Ligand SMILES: NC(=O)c1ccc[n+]([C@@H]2O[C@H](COP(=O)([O-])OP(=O)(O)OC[C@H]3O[C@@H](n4cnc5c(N)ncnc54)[C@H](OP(=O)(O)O)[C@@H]3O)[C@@H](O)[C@H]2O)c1
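One chain comes next, on its own, written out as structure tokens in the form predicted on its own.
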Amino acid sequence: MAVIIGFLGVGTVSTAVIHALCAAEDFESRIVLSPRTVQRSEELSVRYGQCARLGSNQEVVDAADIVVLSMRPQQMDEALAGLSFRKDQVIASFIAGSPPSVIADLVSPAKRIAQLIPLPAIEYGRGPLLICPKIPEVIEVFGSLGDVIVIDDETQIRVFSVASAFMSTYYQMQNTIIDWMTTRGVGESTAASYVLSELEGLATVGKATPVGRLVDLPAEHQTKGGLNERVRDHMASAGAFAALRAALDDVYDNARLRSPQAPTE
């Protein structure tokens, strides 16, 4: 399906999505970019013949069949204020924690609105892509970029957003192990190669394991009195896993994603 996709906001995630779209052999659509993120929008328009940087956000909206909202939640109200959308347009929002019902008034009269949660690995065709609700045009354009998970209940979007909020924590754990190895005399590049390959292998096993057996993986990856058990027991005794759950609960219950001046969700 050849359409015009307009991006309002060209940040890290949008850039990753655009790279993935333009790398696909069967991608026939055009992409128009808002001008605010000057360097990224100019680089993309030079790199890809499918991309063009326009002069204003309204020009992007006017040109697009599918409008992608990809600004920070705190910028959403200001960025969308005064823009004129069309009833026939599809809205694909990358804005965290802002389900279709929250965005509806800001993009009226457009009524077909989907929330997407693409993560940075989408650039490499990896990772989950949440879409809520199912809109055929959205599925057709973005559905090949990752592991698509479609939900219809927008009240669950916040759960998925919070579940995505451990990315920096993951990399901090990864880097802690690499750094520990270097302090024990292993070269940094060797340590990194080992840890990164180990983590990729663990993820591969996890994806290949039936959902009902995921709970068994910790025990299957340790032996009684072995090294894995000792590390896991130490982490559990230190409250690491309970702290992770508490952090997720805190973000879910207390994070405010829109600007203080915006109406409460």
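What you see is a predicted model; the values in this text were computed from it and never measured. Sequential numbering from 1, following the sequence displayed.
Same protein, other form: the form predicted in complex with the named molecule, not shown, and the subject of what follows.
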Just one of A96, A110, L130, V195 has a heavy atom within 4.5 Å of the named molecule in the model of the complex. Which one? A96
Taking 4.5 Å between heavy atoms as the contact cutoff, choose which of R86, K134, R126, R72 touches the named molecule in the model of the complex. R72
From the candidate stretches 87-95, 184-192, 102-110, 141-149, select the single one in contact with the named molecule in the model of the complex, where contact means a heavy atom within 4.5 Å. 87-95
Just checking whether T37 would be counted as a contact of the named molecule in the model of the complex - the rule being heavy atoms within 4.5 angstroms. yes
Might A114 be said to contact the named molecule in the model of the complex, defining contact as any heavy atom within 4.5 Å? no
Considering only heavy atoms, tell me if V13 and the named molecule come within 4.5 Å of each other in the model of the complex. yes
Contact between A79 and the named molecule in the model of the complex at 4.5 Å, heavy atoms? yes
Taking heavy atoms and a 4.5 Å limit, what residues of 129-144 are near the named molecule in the model of the complex? none
